[in-house]
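Below sits a lone chain in C-alpha cells, taken as the form predicted alone.
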Amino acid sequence: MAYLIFSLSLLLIYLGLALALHIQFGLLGVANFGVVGFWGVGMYAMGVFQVQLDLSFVDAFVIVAVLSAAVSWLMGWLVLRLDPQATLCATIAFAAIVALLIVTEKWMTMGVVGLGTIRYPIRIGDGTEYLYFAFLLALVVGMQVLVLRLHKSPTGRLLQAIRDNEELCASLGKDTFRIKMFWFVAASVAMCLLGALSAPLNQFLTPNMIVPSVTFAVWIALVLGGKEHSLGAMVGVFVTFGIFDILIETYAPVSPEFAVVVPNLKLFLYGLLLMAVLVFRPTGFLAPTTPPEQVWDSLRTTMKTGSGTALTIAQKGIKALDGAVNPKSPISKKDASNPAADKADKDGGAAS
C-alpha cells in the first residue's frame, strides 16, 4: 500500500508538470523542452537548503520559490524572443546545464554520491505519506481548475491568439512579450515548486533523477491527451504513467526474468502510441477546447467593446503603411475611390 501511495503521489507530480507545460505550449505556443531542468532546480534546491543548510521545510520552500522565479525570469528573457527552433534548443541546453552542475558541484550537491535525507513538512507517524498525498491531490486539483477557468476566460483566448498569430495580436495593441513572459515564468515556477515537493517523496536525491526521460514522458502525455484541450494533460498522464508505471509495473504478474525488459518495452509502446496518435489524430485524444476561429472572433469582439477603436486603428495603420510602401496598392485605391468606406470608419470611431 505504501508503494501505491508513492506511485500515485508521483503521478500527481507528473500531472502538475503536464498542466504547467499545457499553459506554456498548449496555450502560449512556447516549446519548453527543459521541463526536467526546472524540476531539477526545485528538487535539488530543496535538498541543499534542507540537508546542507539545515533549514526547515517551510523556510527552504520559500527560498526555492524566490530562486525559481529568478531562474524562470532569466530563462524567459533569454528564450522568448527566439524562434521556436531556437527556443527548443535553448531549453534543452538549460536542462543539460542543470544536470551537469548537479554532478560537478559536489561541495553543494554531493555529486553522484547523492543528497539526503529530505524531510516531510509534517510527520504524523504512519499517516505522513497519506497526508502528503492529500496535499498534492488538493494542489493538482487546484491547478486543473485554474486551467479550466483560464480556457473560458478572455485571458485564455488572448494566449491562444498570441500562439496562433503573435504579430497580429501586437498590431491590435497587445504587449505580447510581457504577456508571454508572465505566463512562462508562472508555469516554470510551478515546475520548480513541483520539483521541490517531489524531494520528500524520493527522500534521497541522485543525479540519475534529472534525466531527459522526465521531459519526454511529460511531453508524450500532453501530446497524447490533447495539447490544446483543458483536460488533455490529465488524460495523457493517466493513459501513460497511470497504465504503464502503476498498473503494469506494479500489479501485472511479470516474471523476474522478464521484469528487466519492462522499462524498455514501456518506452517502445510510448513511441508506438505517440506515432499512431500523430498520424491518425494529430490533435491528441481530445480536440482543442476552443476552435481557432472562435478565438479570433472573441478577440475582435473584446477589442471592439473594450478599447473601442483599437481594431479600427490597426486596420487604418495597415492601410496607411500599405499606401506608403505601394501607392498603387488595391487597398489604397479602394479607400481613395470609396467615400462610403471612410464614412463607415468615421461612424465606427464616433460610435465607439
Partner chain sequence: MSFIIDAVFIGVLQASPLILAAMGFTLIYYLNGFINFGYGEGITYGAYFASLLNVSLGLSFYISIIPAAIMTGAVSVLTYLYVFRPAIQRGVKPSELIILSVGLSFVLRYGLILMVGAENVFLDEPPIAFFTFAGTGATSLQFIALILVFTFAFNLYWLIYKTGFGEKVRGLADNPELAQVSGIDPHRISIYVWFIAGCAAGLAGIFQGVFALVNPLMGWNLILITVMVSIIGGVGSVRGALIAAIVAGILTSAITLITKPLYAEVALLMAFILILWQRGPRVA
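Positions refer to the first chain, counted from 1. Predicted model only: the values in this text are computed from it and were never measured.
Not on display, but discussed next: the form predicted together with the partner chain.
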property: The partner chain: the contacting residue among A138, V113, V261, I122 in the predicted complex [heavy atom, 4.5 Å]; result: V261
property: Position in contact with the partner chain when the complex is considered in the predicted complex, options D175, D83, D126, E257, heavy atoms within 4.5 Å; result: D83
property: Triple contact flag A90, L101 and V279 to the partner chain in the predicted complex, non-hydrogen atom at 4.5 angstroms; result: yes
property: Partner proximity in the predicted complex: P154 to the partner chain, non-hydrogen atom cutoff 4.5 Å; result: no
property: In the predicted complex, S213 touching the partner chain (heavy atom, 4.5 Å); result: yes
property: Partner contact for F61 in the predicted complex: the partner chain, 4.5 angstroms, heavy atom; result: no
property: Heavy atom of F94 within 4.5 Å of the partner chain in the predicted complex; result: yes
property: Among 189-197, 240-248, 141-149, 261-269, the region lying within 4.5 Å of the partner chain in the predicted complex by heavy atom distance; result: 261-269
